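The data below hold one chain only, encoded as structure tokens and taken in the form predicted on its own.
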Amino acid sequence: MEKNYLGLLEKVNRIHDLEKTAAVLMWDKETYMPEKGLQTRIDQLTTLDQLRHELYTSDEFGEYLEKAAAEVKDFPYNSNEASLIRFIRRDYADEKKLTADFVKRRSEVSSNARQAWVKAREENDFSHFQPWLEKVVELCQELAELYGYKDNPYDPLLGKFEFSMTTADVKDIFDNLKAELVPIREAIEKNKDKVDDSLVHQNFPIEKQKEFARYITSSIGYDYTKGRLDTVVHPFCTNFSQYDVRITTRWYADFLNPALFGALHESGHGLYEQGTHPDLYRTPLARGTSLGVHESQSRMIENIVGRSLGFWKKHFPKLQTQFPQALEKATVEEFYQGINKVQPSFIRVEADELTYNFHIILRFELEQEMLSGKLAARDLPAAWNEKMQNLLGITPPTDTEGCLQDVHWTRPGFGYFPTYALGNLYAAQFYEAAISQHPNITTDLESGNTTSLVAWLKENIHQHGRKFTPVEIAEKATGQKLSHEAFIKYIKTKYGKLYNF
């Protein structure tokens, strides 16, 4: 191997280790850290972020990058070497645009905003979070200017999460999606009493939920020798390598869905991280290629698989055994209907797979309004409630169930939310391609067997990590660019049968 490339790889490995060390501290902060450890943890995370930035943007790193690029310029496009150079060049160029002062302030504001958000959410008092949200918006505005943009300040922020996609692209996709979904929602509304979800609103002891969550996530392939499941305020998945991938969820004693489908959702993310190729170890390529593609894996496991009748024909008997008082007299068909009830809800992560997309469109529009200065942070609760009423026909009774429900606005991460709805579209398109290429996947899923589907995902998506862009992954796996069409076809087929439209 060429010496400059090896020198670059050594530096990349060290930077990667710093990032993963920070990730461990972040995971601990969200799960088990004592409350009074916050300031110390903020200092530690800020130091690591500054050190990572210094190493990544040094002149020495830049020189190694260009020399290494020259050494591997004739390597095949799909080689690990060529892919790493492509990725680092993009990321390095963006990182060089950030000042040391900005990196420091970003880390400090994010950590403090997170704790203010927790308190505001617990006490249903937006005033605790408002001043920190103002700082986050200012950081997002500053970040857009540092990155630079041609048409829309939202573009460079979105591009960090979904490379090569613009605000105009997302708006076009969402406009087409909304135009298709509104009539479907209205058709379902006429038959809303046909589906009953009272089965999942009973007493489900939390310790029993924890046991079943571990069982069901193992059943789809999440490997507990390389992972674990923990409790948090807002579920997430993180990884420190493909050999250490952590998932989390939250529990409600009177509602089964949040923990059950939250765990399935995060295990979809976990499968992606555990499935990256070992040769990508300790490099930034050992991650999902974009948050949209990443979200496709979690939404596929949560919804297309986890809310399918075949899946529960296999696993419902185990669930009944776990919760005999609540479920022993129920049929799998009744449970299937209950977990697929379409009903506008306040909480995004608990929304059905049809109305979920309206939650994302709402956030996409609000982020742009805050970024442009059209919407002040202090006016967010009222603006949120108005859009909820317009899009879903409901108004949250509290800010905790409204604009304080998500952790994402505690950090300068505008542009993240659209990837959730894009994930639904990717998921349906990937699934359609998988069963087209291997029809046996349909038969397997009808009997609750996910092995063949997960194998297809690993072969076509997981193993590649970030070697290819999301556009390249979609075209390689499905033969076409991202579209809303497969998702609409899936929704019409599934919910047309459930609601007779």
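Model, not experiment: these values are computed from the prediction. Numbering starts at 1 and follows the sequence shown.
Below, we refer to the form predicted in complex with a further copy of the same chain, which is not included among the displayed structures.
- Contact annotation: a further copy of the same chain lies within 4.5 Å of heavy atoms from the stretch 25 to 33 in the predicted complex, the single such stretch among 57 to 65, 25 to 33, 460 to 468, 442 to 450.
- With the partner removed from view, the residue among F255, F236, Y224, F346 that has a non-hydrogen atom within 4.5 Å of a further copy of the same chain in the predicted complex turns out to be Y224.
- Although the partner is absent here, Q39 lies within 4.5 Å of a further copy of the same chain in the predicted complex, judged by heavy atoms.
- Interface residue remark: L9 is not counted as part of the site for a further copy of the same chain in the predicted complex, having no heavy atom within 4.5 Å.
- Within 4.5 Å of any heavy atom of a further copy of the same chain in the predicted complex lies no heavy atom of Y92.
- At a distance threshold of 4.5 angstroms between non-hydrogen atoms, D17 is in contact with a further copy of the same chain in the predicted complex.
- Here the marked residues N124, K374 and E401 all miss a further copy of the same chain in the predicted complex; none has a heavy atom within 4.5 angstroms.
- Contacts of stretch 215 to 251 with a further copy of the same chain in the predicted complex, defined by any heavy atom lying within 4.5 Å, are made by D223, Y224, T225, K226, G227, R228, F240, S241, Y243, D244, R246, listed in sequence order.
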